[in-house]
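Take a look at this one chain, the form predicted on its own, written out in structure tokens.
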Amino acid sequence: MYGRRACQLVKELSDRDAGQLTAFNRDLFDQVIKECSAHHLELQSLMRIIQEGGLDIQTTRNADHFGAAIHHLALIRNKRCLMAYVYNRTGTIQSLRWKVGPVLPQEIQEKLNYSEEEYFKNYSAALESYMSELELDLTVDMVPPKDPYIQVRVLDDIGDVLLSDQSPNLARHSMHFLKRTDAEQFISQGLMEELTG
């Protein structure tokens, strides 16, 4: 039956948890592509028969026409299933870049095929380039903070620093109320910590 393998490929997407990747099913993917090639060859053969018979492709309604229509529709359906499979996996790969960062864990890398690995590298490079142009790390706060200011404690003596709206002396164990954007660089370096609660 036409389209059964393509249907299995799409069903594989619905069987997994959202945001999770299964190993790329290369075997089934290649079988669907092979089926597409067979449909394409049959379609060309039937179209050639219609043309050699001197019949108008637009108006002819015979067995060859209906056979060509079946192969054409099966080919389109298989291609749509292949595209849905690839599109869904690329969406998951993009979201992994935002959640995990520029380096994927080994257990996730093993689930990707070569094209997906290249896609992840190129997407990551494009995102890094965009963020460097903006001079802003978009992956830091995925949920916008309620308050642009945070309370921090200085863990190591930093000294006098010029910040966007003040120039405090950041002495060891001192506590300050700073803009989140000013404090993030020091927090990521381990020079201060955010106080919560």
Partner chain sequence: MASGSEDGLGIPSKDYDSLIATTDVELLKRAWQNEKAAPEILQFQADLIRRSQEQIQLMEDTVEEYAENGTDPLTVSLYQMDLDRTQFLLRSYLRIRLQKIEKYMLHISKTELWNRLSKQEQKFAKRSTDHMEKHLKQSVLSRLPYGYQSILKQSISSEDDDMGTISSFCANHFFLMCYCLFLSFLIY
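By rigid core we mean the largest C-alpha set that fits within 1.5 Å across both forms. The shown structure was predicted, so the numbers you read here are calculated from the model rather than taken from an experiment. Positions refer to the first chain, counted from 1.
Heads up, the form predicted together with its partner chain isn't pictured, but that's what we're talking about next.
In the predicted complex, none of the heavy atoms of G67 sits within 4.5 Å of a heavy atom of its partner chain.
Although the partner is absent from this view, V161 stays clear of its partner chain in the predicted complex, with no non-hydrogen atom inside 4.5 angstroms. Under a 4.5 angstroms non-hydrogen atom cutoff, its partner chain in the predicted complex lacks D157 among its neighbouring residues.
The closest non-hydrogen atom of V103 lies beyond 4.5 Å of its partner chain in the predicted complex. The partner is absent here; in the predicted complex, the one residue of Q189, T181, S174, T22 having a heavy atom within 4.5 Å of its partner chain is T181. This chain appears without its partner; in the predicted complex, the one residue of L170, L43, I150, I50 with a heavy atom within 4.5 Å of its partner chain is L43. Along 17 to 33, these residues reach a heavy atom to within 4.5 Å of its partner chain in the predicted complex: F29, D30, I33. Once both forms are fitted on their core, a CA shift of 2 Å or more is seen for T181 between this form and the one not shown. Relative to this conformation, an increase of 3 Å or more in the Cα-Cα distance between L134 and R180 is found in the predicted complex. Relative to the shown form, the Cα atoms of L178 and G101 move together by 3 Å or more in the predicted complex.
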